[in-house]
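Just the one chain here, laid out as structure tokens, in the form predicted alone.
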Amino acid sequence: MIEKLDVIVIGAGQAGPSIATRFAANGKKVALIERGHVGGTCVNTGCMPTKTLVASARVAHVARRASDFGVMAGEPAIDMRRVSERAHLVTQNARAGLESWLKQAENLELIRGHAKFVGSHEIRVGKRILTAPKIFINVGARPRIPEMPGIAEVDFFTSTSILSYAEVPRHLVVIGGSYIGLEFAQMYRRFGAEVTIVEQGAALIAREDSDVSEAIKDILEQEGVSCRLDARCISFRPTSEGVEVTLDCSAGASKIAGSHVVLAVGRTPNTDDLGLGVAGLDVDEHGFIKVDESLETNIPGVWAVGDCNGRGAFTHTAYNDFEIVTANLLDGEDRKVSERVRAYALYIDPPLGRVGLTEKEARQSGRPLLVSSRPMARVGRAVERGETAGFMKVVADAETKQILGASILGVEGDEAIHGLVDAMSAKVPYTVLEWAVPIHPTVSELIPTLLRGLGPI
């Protein structure tokens, strides 16, 4: 017998529970289906546990520098088991809070199990078959396992599995020089491991401007992280001490003797076992579900939100997906995903806050540009903390005076960037912010000076 509902939500990640509870509060009969832990990547294997580990690693780093501030502390001892337990506790508390919230919601049933389409609007979960005129897919993504010679012959970590490892590796080899890989590289270096980053491209986080990439490489290398770029023909071989990584680079040794390897080479959407073909849903060559500007799929009444739609790979973009679909369906609005101002952060220390276009992307647009850059050494708070690495940069349209993009690599850059995110969201010209009076001493107080320095390139 088919059970009829008003709304079915597949996946209890960042967007799913919010969509489910919003419709349930609107009097709709809702089923939220989850085969694993509620909370998705962010709560269980992403932002919350990893940033908790980053915080512990920073404490170790600051302790080592204590004498620079006149505090005699000595070399810190790392109790990795307690570090890991703290991260797990943060996750458990967040998950428990979310579960409690869902249990209290009226008109909402949380169903545990693997959801699979058996028709365009029919979902099988165990022995039950559910149907609803509105279905939302929020199944997230998982670490991608690349096809590299020998990878099946060695033990390796992913960004998920390494969270359960409560020791400090002797020598961690990080495959992948993008956001996830760099965070783990610096983190474990600060915990005391020898760390080598292996990146196939010519630069770390190649999507960023070259000055940003080079500055990040310098920050990591100053802490003792080894960076091997232009790495080709990467292969693996088990050894008595761990794993040997062979690579062909323009410089450096061709073999790395590591104790452990972590793969950080992108993510794959969890869409391969949902029966999307039976439902007639279109996906791209990577498995991401194709959606339109309102996040609706090619099947009317079916939406894909969060990481699985390929329109954003962050917790905040997943939550914004929830805001878009509920505003359109319940509030009579016409929100579009293309209206979203792209913003994100890289959580090395100091962090990188990013919004909008890079300078490279802006140049490719062919429009007349204004660019300004200032070193973090000009920021009072950075000087006071003894953390002057990095810089801030902004790019604007010379004709419209609109801010096109900005980078803040430096202490509290992930927070300071929001003044520029807000300005871009409000579509105000940069001249408005030139006359703002920020609080001293903060990182944001340099932004008006940065904007006054805008000039043609």
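None of these values were measured; they are calculated from a predicted model. Numbering starts at 1 and runs along the sequence shown.
Note that the form predicted together with a small molecule isn't included here; everything after this is about it.
Given that the small molecule is not shown alongside this chain, does R267 nevertheless sit within 4.5 Å of it in the model of the complex, heavy atom to heavy atom? Taking the distances in the model of the complex, the answer for R267 is yes, it comes within 4.5 Å of the small molecule.
Taking heavy atoms only, is I205 within 4.5 angstroms of the small molecule in the model of the complex? I205: no contact with the small molecule in the model of the complex.
Is H316 close to the small molecule in the model of the complex, meaning a heavy atom pair under 4.5 Å apart or at it? Looking in the model of the complex, residue contacts with the small molecule include H316, since a heavy atom lies within 4.5 Å.
Would you classify F288 as touching the small molecule in the model of the complex, given a 4.5 Å non-hydrogen atom cut-off? Taking the distances in the model of the complex, the answer for F288 is no, it never comes within 4.5 Å of the small molecule.
Which of these stretches, 278 to 286, 216 to 224, 106 to 114, 333 to 341, has heavy atoms within 4.5 Å of the small molecule in the model of the complex? The contacting stretch here is 106 to 114.
Quick check on this chain: which one of G390, G46, G405, G413 has a heavy atom within 4.5 Å of the small molecule in the model of the complex? Here the answer is residue option G46.
Only one of L172, V139, V379, L182 comes within 4.5 Å of the small molecule in the model of the complex by heavy atoms, so just point that one out. None of the other options qualify; the answer is V139.
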